[in-house]
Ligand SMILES: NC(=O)c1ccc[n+]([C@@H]2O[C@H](COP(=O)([O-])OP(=O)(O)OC[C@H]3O[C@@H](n4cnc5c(N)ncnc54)[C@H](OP(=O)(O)O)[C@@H]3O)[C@@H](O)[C@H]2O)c1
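First comes one chain, alone, set out as structure tokens in the form predicted alone.
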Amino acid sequence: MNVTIPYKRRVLAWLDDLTDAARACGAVNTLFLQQGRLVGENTDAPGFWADLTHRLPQVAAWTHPRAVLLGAGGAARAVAWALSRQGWTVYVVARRLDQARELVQAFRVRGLASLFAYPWESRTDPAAPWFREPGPVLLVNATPVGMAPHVAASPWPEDGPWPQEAAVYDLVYNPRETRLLQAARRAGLPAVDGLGMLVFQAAFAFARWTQVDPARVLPAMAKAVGLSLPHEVA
């Protein structure tokens, strides 16, 4: 089975074991049985990275890449893990600063030092490093803000400035066009929703349950939600 917000961390207490990825992320979205034991897996992290490389390949190929990660919950931990493992600097910006600091500290214990915690109010602060320092920045919304039925909300202020060179990835996929994505596209920024991450993580979860190559099920899953995949993925 799969689990989603707000249970990706709460479910940890009910499991017999974790995969290395789930243990590192500190969050679980996939459960499976192994020799009678209930094991937690995290397919969000590889699902996010696979979709980023698919739909924003120019961003995935940045040199000295940086990300502003909005949120510090289970989904945010998966994104932070995926990016930091690829050598990204990640600024974790959360309403609960203590939660962001806990995420950063947990990852630093694992040798991933390029993560930093910032308060929610700093996301449009000109003194913040994603404004002050040169270089491109990926803004990732890993909060449920903007998700149906609260479609009028956005985690980024409507009149807030954008980093000089930026791209946006919104994990929300219902609706496909969130207020955040609308604003980013009006500003001329590359921006995608989280539907691809949903498909990739589902294919990886299915592979975990069945030992089937995820490439065999990706085309059907993508078609079911109207997502186009390149031939090399399908």
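One-based numbering along the sequence shown. None of these values were measured; they are calculated from a predicted model.
What follows is about the form predicted in complex with the ligand, which we do not show.
Visitor: Choose from 159-167, 130-138, 104-112, 72-80 the stretch whose residues reach within 4.5 Å of the ligand in the predicted bound form, heavy atoms counted.
Guide: One stretch meets the cut-off, namely 72-80.
Visitor: Answer yes if any heavy atom of residue 227 is within 4.5 Å of a heavy atom of the ligand in the predicted bound form; otherwise answer no.
Guide: Close contact is absent here: in the predicted bound form, residue 227 is far from the ligand, nothing within 4.5 Å, heavy atoms only.
Visitor: How about residue 49: is it within 4.5 Å of the ligand in the predicted bound form, going by heavy atoms?
Guide: Looking in the predicted bound form, residue contacts with the ligand do not include residue 49, since no heavy atom lies within 4.5 Å.
Visitor: In the predicted bound form, does residue 99 come within 4.5 Å of the ligand, counting heavy atoms only?
Guide: Residue 99: yes, in contact with the ligand in the predicted bound form.
Visitor: Taking 4.5 angstroms as the cut-off for heavy atoms, does residue 90 touch the ligand in the predicted bound form?
Guide: It does not: once the ligand is placed as it appears in the predicted bound form, residue 90 has no heavy atom within 4.5 Å of it.
Visitor: Hey, which residues along 167-203 are within 4.5 angstroms of the ligand in the predicted bound form, non-hydrogen atoms only?
Guide: The stretch 167-203, when checked against the ligand in the predicted bound form, contributes 171, 172, 173, 194, 197, 198, 201 at the 4.5 Å heavy-atom cut-off.
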